[in-house]
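Alright, here's a single protein chain in two forms, structure 1 and structure 2, each given by itself as structure tokens.
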Structure 1
Amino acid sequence: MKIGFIGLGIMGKPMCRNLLKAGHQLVVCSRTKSSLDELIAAGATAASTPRELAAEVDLVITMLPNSPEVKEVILGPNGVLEGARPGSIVADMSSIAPLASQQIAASLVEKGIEMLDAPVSGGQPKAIEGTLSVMVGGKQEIFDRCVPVFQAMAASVVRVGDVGAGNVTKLANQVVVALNIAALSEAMVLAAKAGVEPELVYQAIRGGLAGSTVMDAKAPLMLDRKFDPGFRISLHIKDLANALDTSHDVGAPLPLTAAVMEIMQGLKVDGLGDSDHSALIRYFEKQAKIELKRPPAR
């Protein structure tokens, strides 16, 4: 299967490298010349527009920031829709609004083009390792044909339903992650302000019902004051905004997600939009006038 890939950012570039490593023929398209050159050196060929790229391949993968960028690249002038052949497939691996996925799919299907929404979790490290988790929405038959391609980039590939279901699942994931970070933040700031070493609290509770992947990934970063991304607050805001839009569309109010989203907005105003989402704790620290730290070395 000849693959086209659009969106050579911090996720897209390593994903392309893993596709090439697995032996796939790859055509790429980007406005960033340095990214293009890198991938051409690694064995890809280049197309000048999404339209030209789509005309050459059986499967177009897009990996872009949000719904408007995906719509522009697929449905806009010189976009994928203008070039793609009937019977070809578009797999959008961006994290966007489920409704946008469904709208794009509806436009594609009119020209006989199939669509999967296939957002990922795991971030840049797992994109490099080729161990992403892919949550896929779309027809079973189209999913089956694309599984080997996804597997070149991922450790886990799960079909969760029809088009849009992949992004609903990703939004559910992002809701849990945001609230679990907030939970850890409130607990650690409470303990620290009450005079207990947060490091000891972490060690005492991590093995019980309070334990989580977020706790083990983020508590050490909070204690070490390491807020480099990771996953930027501004991107998590984008995901929570999509979650809230969807929740309002379908009628499933998310009061706690809305509260965490506003807290993240406050951090963005404070200049922390480019910090890792573990910097959420800084909101609670500011309110409590305290900062977590490691106990002095003994």
Structure 2
Amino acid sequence: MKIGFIGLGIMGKPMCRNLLKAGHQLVVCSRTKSSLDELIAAGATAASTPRELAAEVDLVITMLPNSPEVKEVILGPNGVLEGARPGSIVADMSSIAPLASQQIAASLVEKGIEMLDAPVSGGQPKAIEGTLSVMVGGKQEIFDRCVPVFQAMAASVVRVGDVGAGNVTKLANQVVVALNIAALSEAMVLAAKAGVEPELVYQAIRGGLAGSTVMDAKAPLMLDRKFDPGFRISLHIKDLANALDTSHDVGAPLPLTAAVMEIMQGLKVDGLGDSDHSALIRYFEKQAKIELKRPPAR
């Protein structure tokens, strides 16, 4: 299966590298020349437009910031829809609104093109490792055809329902991650303010019921003051906005999500929108007038 990939950002570029490592033929398209050049050097070929790319491949993968960008690339002028052949597949691996996924799929199916919404979880580290989690919505037979492709980038690939279900699942994931980081931040600041070393608190509780993948990924970053983006606060705001919109549509109140969303908005106003979402702790540090630090080496 010849694959086209559109969107070579913080996630898309390492995902492409893993597809190439797995031996897939890859055509890439991006507005960022440096990313194109890197992947061409690694064995990919380039297309100048999404339309040109779609005409060359059997499967188009998109990895873009949000619903408007995905709609533009797939449905807009010189977009995927104009170039794709009947029988080809579009797998959108972006995190977008579930309704947008369904609308895009409806436009594609009119031309005989199948779609999967297949957002991922794991951030840049797991994108580099090729150990992402992929949650997929779409027809079973189309999912089955694409599983080997997804497995080149992921450790877990699960079909969760029809088109749109993948992004509903991703929104649920993002709610859990945001609330976990906020709870971890509160707990670590509590420990520091009470005079107990946060590092020791983390080591003491990580093996118990409070332990989580989120804790193990984010607590060390908080302690080391490493807030370079693995997943930007601004992108998490986008995901929580989609979660809240969806919750209003279906009648499922998300009061805790709304609270964390406002904390993230405050951090964005403070100029931290491009920081990793582990920088949530800086909100709680500011309120408590304290900053986490690792203890001096003994």
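Every residue number counts along structure 1's sequence, beginning with 1. None of these values were measured; they are calculated from a predicted model. Here the rigid core means the biggest group of C-alpha atoms that line up within 1.5 Å when the two forms are laid on top of each other.
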*asked:* Pick the form predicted on its own out of these two and give me its number.
replied: 2
*Give a yes or no answer as to whether residue 158 and residue 197 travel as part of the same rigid body between structure 1 and structure 2.*
no
_How many degrees of rotation separate the smaller rigid part's two orientations between structure 1 and structure 2 when the larger part is superposed on C-alpha atoms?_
9
*With both forms put on the same core, how far apart in Å are the CA positions of residue 191 between structure 1 and structure 2?*
4.5
